[in-house]
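Just the one chain here, the form predicted alone, laid out as structure tokens.
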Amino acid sequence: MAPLFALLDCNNFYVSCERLFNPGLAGLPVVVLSNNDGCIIARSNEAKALGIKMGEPFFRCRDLIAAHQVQVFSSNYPLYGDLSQRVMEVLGQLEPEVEVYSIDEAFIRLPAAMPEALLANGRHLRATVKRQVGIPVSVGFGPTKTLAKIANRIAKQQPEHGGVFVLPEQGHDALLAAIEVGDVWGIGRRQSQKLRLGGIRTALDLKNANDTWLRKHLTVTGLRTSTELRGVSCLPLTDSPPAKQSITSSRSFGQPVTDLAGLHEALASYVAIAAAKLRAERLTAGCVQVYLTTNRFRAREPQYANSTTVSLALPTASTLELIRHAVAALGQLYRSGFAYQKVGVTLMDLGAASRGQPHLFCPPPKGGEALMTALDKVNTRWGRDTLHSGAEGFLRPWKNKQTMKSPSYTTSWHELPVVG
């Protein structure tokens, strides 16, 4: 018997994180908003039942939210990221072969076993994560990653399974027939449209589709998904994540920014975030791309968007060096008379920090590496931005809105929960 896959998925993850430290939210409709309190990115089951859609702009839902007393939270990524890491650590202690797929999902590879043993294992995983972290999860088992995704979907949406579902080895066509093709993992919106035009509307249709037609219209990726639906594994477990090709840091402003000084501060802040990620993965960047844009949704206002890319003579992970290059690039892009909505940076041409070849005419700044090490140690111990470049500013009136953000219960000494 071939090995199996399981998918562990945290239920309504962002909402579950908020409920973990606020038990009074249990049973209430809850939504979490995106950066700048723009769109709805997470919903409790109660909020879904009210008809609140994923990705819906917050302002369009205000009346519905007020009428049903929906609890609203700004996104709290430090909290969500920390709880995600705790879930994955527990999972890693329970299973030897784990691939962390996203902030709230992980694939597991398991030896073949009888359904009863798989159900018992899934229940044990659920109970252990719930007991040690407090986050509810669902577990689905299948012979391929794609079928494990479908099994997880059934485990989550059908309460009678108790959060764990094992896809039958034979006779699961009826289950696939009930799943729209656009809900199959790996099938995007455009692919879904092509499939429907070809008469393929369900997961079962995709499973039974002609290979030549799939390869022609969806390339080898679509054919691979169809093959996975047939129970033939094409997507192995990834033991380590692929190397990053780029790191991007950007946010929409809480209010439009018109002056260059404000843009300088915001850009420097985003560069610092990207540079810290760069050093955490022991990488350097050889290229910096800077971009800025106005709000395209305000059609009556003057519009402007532009970007530029700078190649560095010497790859670096120094926040100060990267800020210097990024701010210089921003000066070339800036045009007065516009109300800017966003500025951002992308670090590219990434490579191992140990790869660096000295430059004959551009020696690295003395003490730069030690300074960055000290910066990271201080911020790791005392919290991000405890120590930062003066170029990032202090008051930051441009900072994105987070008017309904919960405390960072697990990542800030100043916001630890207090027992009365």
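In this text, the rigid core denotes the largest set of C-alpha atoms whose superposition between the two forms falls within 1.5 Å. Numbers follow the displayed sequence, beginning with 1. All values reported here derive from a predicted model rather than from experimental measurement.
Keep in mind that the form predicted in complex with the DNA is missing from the display, and what follows is about it.
Practice item. Tell me, please, which stretch of 101 to 109, 159 to 167, 317 to 325, 135 to 143 lies within 4.5 angstroms of the DNA in the predicted bound form when heavy atoms are compared? Key: That would be stretch 101 to 109.
Check your understanding: If you check in the predicted bound form, is Met114 within 4.5 Å of the DNA, heavy atoms only?
Key -> Contact with the DNA, no.
Check your understanding: So, in the predicted bound form, is Pro57 in contact with the DNA at a 4.5 angstroms heavy atom limit?
Key -> Yes, contact at 4.5 Å.
Check your understanding: Can any non-hydrogen atom of Asn45 be found within 4.5 angstroms of the DNA in the predicted bound form?
Key -> Looking in the predicted bound form, residue contacts with the DNA do not include Asn45, since no heavy atom lies within 4.5 Å.
Review point. Ile65: heavy atom within 4.5 Å of the DNA in the predicted bound form?
Key: Contact with the DNA, no.
Check your understanding: Which of Ala391, Leu28, Ile41, Leu371 has a heavy atom within 4.5 Å of the DNA in the predicted bound form?
Key -> Looking at Ala391, Leu28, Ile41, Leu371 one by one, just Ile41 meets the 4.5 Å heavy-atom criterion.
Practice item. With the DNA left out of view, choose which of Ser250, Ser233, Thr128, Asn208 has a non-hydrogen atom within 4.5 angstroms of it in the predicted bound form. Key: Selected residue: Ser250.
**Study point:** Those residues of 63 to 100 which, in the predicted bound form, come within 4.5 Å of the DNA by heavy atom
**Key:** Sequence-ordered list has one entry, Tyr77.
**Study point:** Rigid core superposed: Ala305 CA moves 2 Å or more between this form and the one not shown
**Key:** Ala305 C-alpha, core-superposed: shift of 2 Å or more.
Check your understanding: Does Tyr14 show a Cα shift reaching 2 Å between this form and the one not shown after rigid-core superposition?
Key -> For Tyr14, whose C-alpha is compared between this form and the one not shown after core superposition, the shift is less than 2 Å.
Check your understanding: Honestly, after the rigid core fit, is Ser138 moving at least 2 Å at Cα between this form and the one not shown?
Key -> Moves: no, less than 2 Å.
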